[in-house]
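Encoded as structure tokens, the following chain is the form predicted alone, with no partner shown.
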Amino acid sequence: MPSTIRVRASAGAEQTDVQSLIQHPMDSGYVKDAKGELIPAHYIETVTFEHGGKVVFTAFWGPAVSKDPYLKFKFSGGKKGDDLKVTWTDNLGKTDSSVSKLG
């Protein structure tokens, strides 16, 4: 199964810029389908970014986040070629992770 996570990270002299796009339906549980039945809630609860074995960013999400969420942040200490690991877990216990190299 292909990864649901796309990451672009570039290390600068003082900080690393990270952009991430995650493919996920992010269903709130309050929207009805074409038959008028509620679509069950299915959304990401936690997204974690790790660099050098340390967590550099964590997001706690809920049903109000839109489909295929985009995330952008910066952190200090990254160097070109370093690994950046991204992991998400949703309310159904599903998870995905990806490791990218800093550019």
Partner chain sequence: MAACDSKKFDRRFVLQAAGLGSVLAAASFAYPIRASANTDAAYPADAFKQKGEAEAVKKLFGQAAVASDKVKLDAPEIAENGAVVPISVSTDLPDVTSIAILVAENPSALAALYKFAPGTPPSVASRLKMAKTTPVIAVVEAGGKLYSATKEVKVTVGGCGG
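Numbering follows the first chain given and starts at 1. Model, not experiment: these values are computed from the prediction.
Another form exists, predicted together with the partner chain; not displayed. Remarks below refer to it.
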query	finding
In the predicted complex, G93 touching the partner chain (heavy atom, 4.5 Å)	yes
Partner contact for S10 in the predicted complex: the partner chain, 4.5 angstroms, heavy atom	no
Contact of A41 with the partner chain in the predicted complex (heavy atom, 4.5 Å)	no
Sequence-ordered residues of 46-66 touching the partner chain in the predicted complex, heavy atom within 4.5 Å	T46, T48, G53, K54, V55, V56, F57, T58, A59, F60, W61, G62, P63, A64, V65, S66
